[in-house]
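Okay, here we've got a single chain as structure tokens, the form predicted on its own, with questions on binding and movement later.
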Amino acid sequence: MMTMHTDVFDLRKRIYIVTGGAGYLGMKHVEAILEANGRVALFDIDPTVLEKINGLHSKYEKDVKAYVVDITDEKQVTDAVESVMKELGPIYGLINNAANNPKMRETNQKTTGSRLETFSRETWENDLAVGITGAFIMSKIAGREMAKNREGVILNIASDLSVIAPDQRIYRKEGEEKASQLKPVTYSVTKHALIGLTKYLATYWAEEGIRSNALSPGGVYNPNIDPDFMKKLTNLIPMARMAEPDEYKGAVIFLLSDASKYMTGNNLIIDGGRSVW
């Protein structure tokens, strides 16, 4: 009889790169890795990433380094990956988390820029550059290093909007239907594309021992969310609430660890049931 050992969830000092590491959810992914005994390199275009690791150092007392990197710049990514290998060691895993995710407007702000009819090509190209081209570049450069070692894991952070379309009704304000900011087309397109990239990588590098999966979270609660928006959103969720910030840590550890070592090419959807209703 086979028994499950908790050490399959231990990340065993393995080294993981997390893009968008300075962000709200990105920092939670970093914490999850450290809590499971992994080592982390944070990549972010935001220079504050260098300051944010101070709290991680004092809290976890483990190896974590930060790098200011534009993941749409292949030269910067190449240089940063080489620095990680020099300073921490061989790369075992990658979380493609970085994305442009516009915050829904404050109550009194009006804009039509996110509507499809007025959505600019410049914004389209910038959003796709970060969300999908950046993931491609990171996977290409970090993945080829993992392939040399014949082991590794790539985790793409998608969204429940990788499998469903946004319900624009929850973003509209009464009486402002034509002026309301909506979820932009690029967010859905990017997240759907990440699932395609996930499947491609899973088959492309299977013989090199690299697994590739996606995690599709639902909305994550934070205290600054507009109460009216939150009410509309939770009405679409069978569990009738948004996710707490720490509730994806277990899934991240599972997907990065040996606990999921026979899983590849899949999209793990954790959205409180929204996508099945």
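Keep in mind it's a predicted model, so treat the numbers as computed, not measured. Numbering starts at 1 and runs along the sequence shown.
We do not show the form predicted in complex with a small molecule, though everything after this point is about it.
Participant: Heavy atom within 4.5 Å of the small molecule in the predicted complex: which of A142, A98, V153, V84?
Facilitator: Of A142, A98, V153, V84, the residue with a heavy atom within 4.5 Å of the small molecule in the predicted complex is A98.
Participant: Can you pick out, from I137, V163, V130, A193, the residue that has a heavy atom within 4.5 Å of the small molecule in the predicted complex?
Facilitator: Flagged contact: V130.
Participant: Contact between S159 and the small molecule in the predicted complex at 4.5 Å, heavy atoms?
Facilitator: Output for S159 is yes: heavy atoms within 4.5 Å of the small molecule.
Participant: Find out whether any non-hydrogen atom of I45 is located within 4.5 angstroms of the small molecule in the predicted complex, and reply yes or no.
Facilitator: Close contact exists here: in the predicted complex, I45 approaches the small molecule to within 4.5 Å, heavy atoms only.
Participant: Would Y187 count as touching the small molecule in the predicted complex under a 4.5 Å heavy atom rule?
Facilitator: Yes, Y187 sits close enough to the small molecule in the predicted complex that at least one of its heavy atoms falls within 4.5 Å.
Participant: Is G218 close enough to touch the small molecule in the predicted complex, meaning at least one heavy atom pair within 4.5 Å?
Facilitator: G218: yes, in contact with the small molecule in the predicted complex.
Participant: Looking at 58-66, 32-40, 45-53, 205-213, which stretch has residues with any non-hydrogen atom within 4.5 Å of the small molecule in the predicted complex?
Facilitator: After filtering at 4.5 Å, what remains is 45-53.
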